[in-house]
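Below sits a lone chain in structure tokens, taken as the form predicted alone.
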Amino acid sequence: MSPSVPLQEMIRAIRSARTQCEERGVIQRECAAIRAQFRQSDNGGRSHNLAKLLYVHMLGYPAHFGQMECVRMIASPRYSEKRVGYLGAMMLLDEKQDASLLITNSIKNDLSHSNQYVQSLALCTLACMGSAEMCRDLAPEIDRLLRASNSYIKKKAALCAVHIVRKVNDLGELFAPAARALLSEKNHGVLHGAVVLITELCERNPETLERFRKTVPDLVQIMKGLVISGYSPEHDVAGISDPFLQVRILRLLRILGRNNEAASDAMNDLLAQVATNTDSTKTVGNAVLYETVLTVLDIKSESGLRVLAVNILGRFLLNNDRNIRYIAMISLQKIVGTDHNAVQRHRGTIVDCLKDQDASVKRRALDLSLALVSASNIRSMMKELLIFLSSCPPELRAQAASGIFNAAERYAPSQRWHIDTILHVLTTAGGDVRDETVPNLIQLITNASELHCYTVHKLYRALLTDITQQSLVQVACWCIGEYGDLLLRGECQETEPVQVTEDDVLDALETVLQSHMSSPTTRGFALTATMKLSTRITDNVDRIRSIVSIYGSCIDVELQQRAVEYNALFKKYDHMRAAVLERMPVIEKNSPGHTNGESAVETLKEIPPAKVKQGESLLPPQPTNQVCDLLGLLGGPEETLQPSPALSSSAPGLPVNTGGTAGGDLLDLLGELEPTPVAPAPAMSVYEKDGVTLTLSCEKQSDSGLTVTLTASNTADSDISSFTLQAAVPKSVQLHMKAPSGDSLPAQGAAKVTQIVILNNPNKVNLKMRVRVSYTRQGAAIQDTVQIDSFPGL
């Protein structure tokens, strides 16, 4: 290929290359020829060569050697060369390169050029790659062009001013008077640029925002002219007059009317006119309506206008376009807390969106459906949500189950209904619920003393039907161990009488123990339930002893240890067995609304037994003269062992003492050490914003070790999801973050999220910690950072 081939020939040669290697060869030869011609002082084909180089750059190959050629061509008096030079500058230069400073003077000269197209090239280049220094130097020239008589230049200058304001915020005051004057223009392009510029100025400066609130009548007049104007071929798009300008004006009105009643009143009539007169059968009409709805909901509008906006969103939900349905549900999610009754009118349509084939629409419909649950519609909404749970995609089951638990806790009409609902969820999606669901449901069942017989019968039948749902099996085993005597009596008025024998119950528990689908935790529940039945039945104690002894040699260490201890109860301490395995007392709640798995109380498996604090209010302390150390069965009091967190969490059927010393461990059943109460660590509030409160408490473990507990709560009216905490410390400090207790914060402080952070400071440096708070509220992602310089108790 000849080095001087035209651009079209080079493109054709590159496209005809069969391999990438052949393509690189073509480009390398052409680039070598372009370099050689750039070195020539008298080069008549400079624009031709630079155009070819720009095409090479678009293909992703290096073209930086053409930067200086761009600078030379911009300084050329010929328009054809200036055009290619400015295009090359926009593509090959940016504000970080020194070569960009060389074109500042050329741009300034061209801004004063007599040819409007040369001025346009300079304006476009400055708006594309102008640095902060260039913007400061050329801002007066842009302000002068904003006042020019040529509409073509004013349009370009307005958009260039937007770039300057974004780069140098202080220059906004320079453009404010000219931007205000541009609103009197008739040219739509100039109006569009002026509105964009005013929007940028108002978003960046509160004082400018107050000044431009006086322009609301002018904007309303311009918008009315667009709405009632007849057909204009120049601006008509699918029957809507200049929808781009309409959308921009509506966005500016939203900014000007926010938190200002006078400005809002001035635009209420216009918004009602736009909402009722805009055609919703076309996409452009829906775009204008959507911006109208956002404006109505964001300003201090009248109640009737807000209802009209919600009804428009309701019509969007019936649209065949899934994108329109999606944005409608996002908008409804944001206002469901303030306009709950208006959104409730479209509950049926929202629930129907749960059946949509699109996963994104389903997720938004689920969020909105959960937000619409109230005390008056809890039964009907829960029926729909449970139907959805049975057929929803796997990635939505955990979210659906958590939302159902939360709604059931807040609005349950009765305890029996509450228990039935949670059991239905466990039966349908037991593998997708949080770990905290099991202890929280156990607490709920314990408190409903009149439903013990009903619950144990229902769980026994569920256990016989399906043992694959681990959470359901764990709760069933716990209930059978606690209330097995009620199950054997068969005197349950709420259910059909079923005769259950001792062998039937033990067969069911043995099936769980032997199933390959049972997790180690589930086997622990089943073994403990079997052991507790030894004090509730009379004829099969030897069979229970045999079952327990088998697992004394189990390969799972936790299960083996538990079985050995239970064997010791049978042999050495049989006289204490009845007292050790007596029924659990009623568990007291220490924070409202945590049966949905969002409890502020840490589960026992997340806290070392020797340091349990929050659990002290869960279970009443046992008398100190009772048997206290199940592990002490294998040795004297001086050989106290530290039980693992997993063992502590998987023996819920045992009486628990939550003292802080070795004698008060979770499994300290036979020890005789006096438990010493642990004073709670002082707490300090470190973050409080938009209803989210973050408190910090510390506990010193050693000279260099520190355990920090961060507790988050939400006192706002709307729920928070995807809540996460991230922490950073100095490099010499070691940091380990344990798993949080949850990722959702229900409204009104219904539950809390706790995060434990372990710090090791061997160099004894000044301890500081930066915490990033991230969460989603009403579909909007929010992120904030807090600096912690002092720690309580240190």
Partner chain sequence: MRFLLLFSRQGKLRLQKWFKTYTDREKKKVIRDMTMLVLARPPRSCNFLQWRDLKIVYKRYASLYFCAGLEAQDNELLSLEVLHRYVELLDRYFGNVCELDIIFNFEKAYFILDEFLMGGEVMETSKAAVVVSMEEADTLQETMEEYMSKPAY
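What you see is a predicted model, and the numbers here were worked out from it, not measured in a lab. Positions refer to the first chain, counted from 1.
FYI, the form predicted together with its partner chain isn't displayed, but the following is about it.
At a distance of at most 4.5 angstroms from its partner chain in the predicted complex, none of the three residues 34, 38 and 168 contributes a non-hydrogen atom. Using a 4.5 Å cutoff between non-hydrogen atoms, residue 413 does not count as a contact of its partner chain in the predicted complex.
At the 4.5 Å threshold, heavy atoms of residue 54 reach its partner chain in the predicted complex. Taking the partner from elsewhere, residue 754 is found to have every heavy atom lying beyond 4.5 Å of its partner chain in the predicted complex.
By the criterion of a heavy atom within 4.5 Å, residue 687 is excluded from the residues contacting its partner chain in the predicted complex.
Site annotation in the predicted complex: the residue of 585, 520, 189, 691 reaching within 4.5 Å of its partner chain with a heavy atom is 189. Taking a 4.5 Å heavy atom cutoff to its partner chain in the predicted complex, the contact residue among 536, 458, 155, 545 is 155. This chain is displayed without its partner chain, yet in the predicted complex the stretch 91-99 from 474-482, 377-385, 91-99, 140-148 comes within 4.5 Å of it by heavy atoms. Residues are counted as partner-facing when one of their heavy atoms sits within 4.5 Å of its partner chain in the predicted complex; in 300-333 these are 322, 323, 324, 326, 327, 330, in sequence order.
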